[in-house]
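Here we start with a single chain on its own, the form predicted on its own, put down as structure tokens.
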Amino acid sequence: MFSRLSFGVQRKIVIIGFIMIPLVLLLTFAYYPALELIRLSFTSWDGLSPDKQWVGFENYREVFRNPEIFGVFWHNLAYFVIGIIQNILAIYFAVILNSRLKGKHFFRLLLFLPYILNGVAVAYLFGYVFDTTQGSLNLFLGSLGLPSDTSWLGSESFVNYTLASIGLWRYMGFNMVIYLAALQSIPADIYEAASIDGASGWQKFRFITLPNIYRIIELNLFLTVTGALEVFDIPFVLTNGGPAGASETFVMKIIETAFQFNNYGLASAMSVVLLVIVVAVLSVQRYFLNRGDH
């Protein structure tokens, strides 16, 4: 039957088939769960009962009225700050390793290697680094004659910056590779022409490099923002939200609400709020970056 059809019709059937398969998978495993999540956010459900009581916007009111829920977003601020520093360092190392540096391939591998490590393994590794008594960081500071009894994971004032620094070590190499790929796409003739005109290294970076990697900067900032808002594994393994909830993130609060307190309706509302905040922040970021581009 299929062989009797014309080549054009066969081609259309094959194209539609290849389009429909991923579309069905996308609808089944992405859009339908998202719509179900929104529906559950308007209910009170313990995750077990077949009855889901409709409560309207009560869950959303609870999210914004309860400082123990919405207030944890302030803990994510440290990840934003360290994320900006992470991108600056990534651009810096990408520019250096894009030059004619001896052994640059080894240094590229060395900086990218932390990204392929498992997140839980990285957390346990830095647990030994930041240990108060026998941690390698405090021992190193003591050998330099500096204070060596700092509780890096026990201080409410800077525990989030300590945890965010782990993300800097882990993800900076990934961002560097993306910037490096963008730098290698810039024609070398432009730099040669700038050198002939007497442009300094800073002028080349400002007027040639930055405009040509502008979209890649936007991409990496997108990844940084979403990562800062959705961070979970490092603080969960190392501090479990401590001390006194100072390092608890919004995603940790969602999981705690759902699986510890069995309040799936409120947890769904928190997830929807997180989604809206991510979209809003990224829209503002894109607006300002596009203005800068123009």
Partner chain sequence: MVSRVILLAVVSVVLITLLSACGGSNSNLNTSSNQPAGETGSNEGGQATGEGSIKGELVFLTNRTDMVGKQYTDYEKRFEEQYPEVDLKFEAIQDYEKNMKIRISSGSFPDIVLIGPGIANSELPKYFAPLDDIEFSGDIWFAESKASEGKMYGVSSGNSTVGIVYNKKAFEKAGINEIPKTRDEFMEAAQKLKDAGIVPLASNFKDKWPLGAWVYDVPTMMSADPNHQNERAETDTPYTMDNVYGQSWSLLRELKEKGYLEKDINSTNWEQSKKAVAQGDFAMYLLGNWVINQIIENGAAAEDIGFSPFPADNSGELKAPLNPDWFYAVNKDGNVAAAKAFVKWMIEESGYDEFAGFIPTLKDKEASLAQLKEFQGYNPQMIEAGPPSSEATEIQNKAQIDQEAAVQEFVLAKDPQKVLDKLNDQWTKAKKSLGY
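Here the rigid core means the biggest group of C-alpha atoms that line up within 1.5 Å when the two forms are laid on top of each other. From a predicted model like this one, the values you see are computed outputs, not experimental measurements. Residue numbers count along the first chain shown, from 1.
FYI, the form predicted in complex with its partner chain isn't displayed, but the following is about it.
At a distance threshold of 4.5 angstroms between non-hydrogen atoms, Val122 is out of contact with its partner chain in the predicted bound form.
Looking at Ser200, you'd find every heavy atom of it more than 4.5 angstroms from its partner chain in the predicted bound form. In the predicted bound form, Ile38 stays away from its partner chain, with no heavy atom inside 4.5 Å. Val231 falls outside the set of residues with a heavy atom inside 4.5 Å of its partner chain in the predicted bound form. Of the candidate stretches 97-105, 132-140, 175-183, 78-86, only 132-140 contains residues with a heavy atom within 4.5 Å of its partner chain in the predicted bound form. When you look in the predicted bound form, the only residue of Phe259, Trp54, Phe57, Tyr31 with a non-hydrogen atom within 4.5 Å of its partner chain is Phe259.
Residue Gly154 is the only one of Pro187, Pro211, Gly71, Gly154 with a heavy atom lying within 4.5 Å of its partner chain in the predicted bound form. Residues from 265-286 that approach its partner chain in the predicted bound form with a non-hydrogen atom within 4.5 Å are limited to Leu266. Core-superposed comparison between the shown form and the other one: the CA of Ile19 exceeds or equals a 2 Å shift.
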